[in-house]
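Just one chain follows, in the form predicted on its own, and it is written as structure tokens.
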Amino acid sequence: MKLAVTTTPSEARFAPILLRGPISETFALASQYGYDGIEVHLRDPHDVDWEEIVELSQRCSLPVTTLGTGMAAGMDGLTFTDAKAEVRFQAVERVKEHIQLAARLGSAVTIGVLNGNLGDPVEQAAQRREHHFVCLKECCHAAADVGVSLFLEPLNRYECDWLNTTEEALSVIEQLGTTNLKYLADTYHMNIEEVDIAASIRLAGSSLGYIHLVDSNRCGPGQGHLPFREVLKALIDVGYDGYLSFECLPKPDAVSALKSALSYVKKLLTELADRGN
């Protein structure tokens, strides 16, 4: 498994993104401290220079793992379940732009907050679910055309009123039936919604595409109470060999969090390897 860190060049006062600021600086930091990849969160993919980010990724030997799209929902109000067709259209078009950048970078695209809420009245829930299905399907097809994977991320009940659990995400993936849609497991959200995080990871199995490794307090691994040894053991058991990304708050500060999360998880992985899991 490889370790990645999150970054954004955008304003992100409350977002759980570890590195903030010009991408030239954050790429350099991630490379300096020995990360294997970097996850880039963008409100709009044109908030960065595409040639610059491709060049930075190559020069720093730091693959862009996935592009986060949540800021399009938080800052611009774009979601797949919005009652207004024009808003849904803009949400899909924004994701398609992310997909084009992802194709240039060889990365994936994450769909989390952009999934939207079902809201009230309850009678409209079925219609909004259908809106989501249509939008996500269109994005999956657009991504497949250029060889890009999408990661579907469930959120906890306090941030989203549906699509909260592993089982719900797997159901959506099965319903769509596209091979380029995978499940993104975020341990912060799972700590709230899942009975047993390790068991849910084993349930997901080969549908796992990406991991957000975050502690119970939304800080880096090792700063809360989550049983990461059990989580990592479950990932090993299902043969997951992708990225573990730290989508966490920069506490006590970005550099300290950058270093401590990396050393903590590397230590656990080494211990599991030495003991034959």
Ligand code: LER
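Since this is a predicted model, take the numbers as computed values, not measurements. Residue positions are given as counts along the sequence shown, with the first one as 1.
Heads up, the form predicted together with the named molecule isn't pictured, but that's what we're talking about next.
*Look at the candidate spot formed by Pro16, His189 and His212 and say whether the named molecule comes within 4.5 Å of a heavy atom in all three of them in the predicted complex.*
Looking in the predicted complex, the three residues Pro16, His189 and His212 all sit within 4.5 Å of the named molecule (heavy atoms).
message: Using a 4.5 Å heavy atom cut-off, which of 83 to 91, 192 to 200, 153 to 161, 168 to 176 contacts the named molecule in the predicted complex?
response: Correct option: 153 to 161.
- Item | Of Ala108, Leu136, Leu101, Val113, the one that lies within 4.5 Å of the named molecule in the predicted complex (heavy atoms) | None of the others qualify; the residue that does is Val113.
Q) Should Lys233 be classed as touching the named molecule in the predicted complex when contacts are defined as heavy atoms within 4.5 Å? A) Answer no; every heavy atom of Lys233 is more than 4.5 Å from the named molecule in the predicted complex.
Is there a heavy atom of Lys251 no more than 4.5 Å from a heavy atom of the named molecule in the predicted complex?
Outside the cut-off, so no.
### Query
Quick one: which residues from 229 to 253 get a non-hydrogen atom within 4.5 Å of the named molecule in the predicted complex?
Stretch hits: a single one, Glu247.
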